[in-house]
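First, one chain by itself in structure tokens, the form predicted alone.
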Amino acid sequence: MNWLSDISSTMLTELFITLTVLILAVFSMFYNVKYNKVSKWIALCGIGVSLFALKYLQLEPIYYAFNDAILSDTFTVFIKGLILISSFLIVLLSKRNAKQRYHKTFQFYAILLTGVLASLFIVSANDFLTLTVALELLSFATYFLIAYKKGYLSKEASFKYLVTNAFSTAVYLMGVSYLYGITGSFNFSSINNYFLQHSPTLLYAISTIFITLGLFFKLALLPFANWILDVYEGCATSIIVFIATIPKIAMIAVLARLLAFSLSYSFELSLVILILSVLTAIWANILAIKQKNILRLLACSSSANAAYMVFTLTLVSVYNLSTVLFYLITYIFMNIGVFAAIIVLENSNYSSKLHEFKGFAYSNPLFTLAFSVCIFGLAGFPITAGFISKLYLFSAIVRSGAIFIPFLLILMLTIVVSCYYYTNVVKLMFEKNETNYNEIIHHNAYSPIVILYTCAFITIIIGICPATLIEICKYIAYNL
């Protein structure tokens, strides 16, 4: 019964998430509308059990399952834990979104967890067939989640995401087909072993570029970044949190594995990624300056931060990977904190327009403080986790060689630009508002407020005492 051993060693988390999705699907067919609140607790329990199951997955040595299509190691389990923790917080933030269509709550959480399941498979994938199926499963879940919110904007956003994803998938599959034609294998390990014995060709460079460009879609990097503004504005805020975190974690993980092994033999690929990362950072930060909507501003921020991580990831080394992991963790908590604050405002009947932030510092000082901590963390101000992560990022690029210093200077200028629009959000909250007294209705937003304060606390703690997390990230990076 080798398949039982494969499941218990590599796929327990995926198994429990799958069972949870099935339970939610069955309940959606037979439940009474008045029991819609049960759906959230089923989803939370499923994620909680999956988190507990992580301790039973094999860490060392690397375990290959299902004819080497799936693997489990320390790096994979760590990333899965990050995905599940983020998913737990996202479910807590989704109450308002699910409540707006209360007769569809079981379907909503089933689709949400399907996206989580796909991300877990992406992280575990050890061949392009498994990776492709997981990517498409994630895409289908995302289509429905974006369109879940009623209205023209959500449908437009879903359609734009679908069309752009279709094109990026075609580019990705073309690259995979070329790579298969060269090596005769879809397996990451077999492809790596092939190029240990054979010199890479121009066709290999083209295939690696196509594959990477296709994967860039989920990270909203150029040339597939045009969807992100409309999607962030058109879909529900809790779904934006999902799009901004879960696919990003999965894509960073799979790119780290591919760039370290299967796609590591192409100098041309590294050059293309570095250029596109810098161009994305410039494009996103300049575009963010003129945004009047906090969601569109955060869309630009998401692209820019992904560009910083991918740039550093391309300069392959254990130190650089540990830097990216540290940056990713801090970014997730700061980002979720900011979105939790936006959901608090939405629950109190405020929109995402920046001008409505005026005066919050005087009527809601504790909320403003926590929100400001997360915003300043994204900007990279001292004593926050964002400052340490950006400092760590700079040191990683400098250590990679003097040739990358010009790129670093450009990235530093884009970060300076980002400080302007981040601090402008905080500045607005301290401006006097003579017409309205903006007060938050706390009983409508318990979970988001707790998550906001928790994320703000974590942002400060990591900013003051980052050493332990840095050491953990170095250990995880060493075990890739």
Partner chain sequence: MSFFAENLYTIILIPFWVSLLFAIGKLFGLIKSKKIVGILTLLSTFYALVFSVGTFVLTIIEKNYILEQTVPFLQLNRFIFDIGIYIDGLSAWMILLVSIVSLLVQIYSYFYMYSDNSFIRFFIFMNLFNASMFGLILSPNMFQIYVFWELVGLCSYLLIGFWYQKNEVSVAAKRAFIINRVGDFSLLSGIILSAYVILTNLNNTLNVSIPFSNISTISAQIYGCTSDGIFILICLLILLGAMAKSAQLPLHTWLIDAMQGPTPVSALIHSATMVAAGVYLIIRLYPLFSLNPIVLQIISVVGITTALVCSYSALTQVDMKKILAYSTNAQLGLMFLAVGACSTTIAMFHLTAHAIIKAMLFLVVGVVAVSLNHNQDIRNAGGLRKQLPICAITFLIGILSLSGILFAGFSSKELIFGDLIDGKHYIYLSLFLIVSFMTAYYLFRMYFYIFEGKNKFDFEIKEPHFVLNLSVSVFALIVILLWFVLPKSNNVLFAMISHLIAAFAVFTAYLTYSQKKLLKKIPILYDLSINAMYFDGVYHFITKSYKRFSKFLYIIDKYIFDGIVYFCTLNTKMISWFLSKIQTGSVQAYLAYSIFILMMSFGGIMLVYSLIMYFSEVQ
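Positions refer to the first chain, counted from 1. Values in this document were obtained by computation on a predicted structure and should not be read as measured data.
The discussion below concerns the form predicted in complex with the partner chain, not included here.
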property: Location of the partner chain contact in the model of the complex, chosen stretch of 304 to 312, 237 to 245, 141 to 149, 158 to 166 [non-hydrogen atom, 4.5 Å]; result: 158 to 166
property: Residue 223: touches the partner chain in the model of the complex, heavy atom cutoff 4.5 angstroms; result: yes
property: Contact test in the model of the complex: residue 73 vs the partner chain, heavy atoms, 4.5 Å; result: no
property: Exercise: residue 261 in contact with the partner chain in the model of the complex, heavy atom 4.5 Å; result: no
property: Exercise: residue 336 in contact with the partner chain in the model of the complex, heavy atom 4.5 Å; result: no
property: Position in contact with the partner chain when the complex is considered in the model of the complex, options 121, 367, 210, 331, heavy atoms within 4.5 Å; result: 210
property: One residue of 79, 252, 276, 134 in contact with the partner chain, assessed in the model of the complex (non-hydrogen atom, 4.5 angstroms); result: 276
property: Residues from 197 to 211 in contact with the partner chain (non-hydrogen atom within 4.5 Å) in the model of the complex; result: 201, 202, 206, 209, 210
